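Encoded as structure tokens, the following chain is the form predicted on its own, with no partner shown.
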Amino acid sequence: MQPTEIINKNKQYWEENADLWFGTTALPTYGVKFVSEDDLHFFKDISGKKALEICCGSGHSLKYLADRNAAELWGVDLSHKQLENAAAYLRENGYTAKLICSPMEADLDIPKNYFDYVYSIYGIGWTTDLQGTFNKIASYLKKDGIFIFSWHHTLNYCVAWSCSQRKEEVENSQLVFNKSYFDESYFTMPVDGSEIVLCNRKISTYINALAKAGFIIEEMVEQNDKQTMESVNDNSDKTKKAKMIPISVCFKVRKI
């Protein structure tokens, strides 16, 4: 499947299902069952800063920064419907942002060496050109500007509960590898009666691409939230899995 085909297929999903995801996985949240900005403080003092969000979705993360007195906010998303929702949500709360409808891989009309922060909350993994996207993000940032992004942890897609029809075996089920960690090929996934197309990149793939784009890593976090890790009453498969492997990963890097 060619990159353009992948982008168009994923865009169709978001155009049709944007409302289902309204307000989900947005700051201060970085991911499912994951530590939040309240724990990490990656943004520190955003007051007076210029920020660009890649895959801004419904605008909730933009509002989070606006509430903290960010000086200027921009957002990019490939879905018109997502941006319609974002514009309406920000307007209802008395804010505006410069919103651009485009794939993140495209050559965008975004100023260079301009932003203090570029960030993406569970969005960067949709790119079909990781190196090119990181290179573009580096060009948008000022020297010493910060890039923050979160995504599914690679292990999350590689490990699943073993399946069995026998009750006694289900109760003793184990997490097993159902996909190679080294397999970065694209795959289709059914979601909400439709399909999306993703690839599962190795952690080293992200790190090496960041380095080539001119970033230095300040922090990489794989920690699930304290409530999940200490839970004694939640026996759901998702919680049990989160106690054993990281579900999400988050990077804070600086342009050098």
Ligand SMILES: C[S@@+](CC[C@H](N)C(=O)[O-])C[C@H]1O[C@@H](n2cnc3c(N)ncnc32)[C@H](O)[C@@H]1O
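Given the structure is predicted, the values throughout are model-derived calculations rather than measurements. The first residue of the sequence shown is number 1, and the count goes up from there.
Note that the form predicted in complex with this ligand isn't included here; everything after this is about it.
When contacts are defined as a non-hydrogen atom within 4.5 Å, none of 225, 246 and 249 contacts this ligand in the predicted bound form. Under a 4.5 angstroms non-hydrogen atom cutoff, this ligand in the predicted bound form lacks residue 97 among its neighbouring residues.
Using a 4.5 Å cutoff between non-hydrogen atoms, residue 17 does not count as a contact of this ligand in the predicted bound form.
Heavy atoms of residue 51 never reach within 4.5 Å of this ligand in the predicted bound form, leaving it off the interface. Within 4.5 Å of some heavy atom of this ligand in the predicted bound form lies at least one heavy atom of residue 55. With the partner omitted from this view, the residue of 122, 134, 117, 140 that lies near this ligand in the predicted bound form is 122 [heavy atom within 4.5 Å].
Think of it this way: in the predicted bound form, this ligand has a heavy atom of just one of 155, 104, 148, 73 within 4.5 Å, and the residue is 104. Considering this ligand in the predicted bound form, the lone stretch of 176 to 184, 109 to 117, 79 to 87, 140 to 148 in range is 79 to 87 [heavy atom distance within 4.5 Å].
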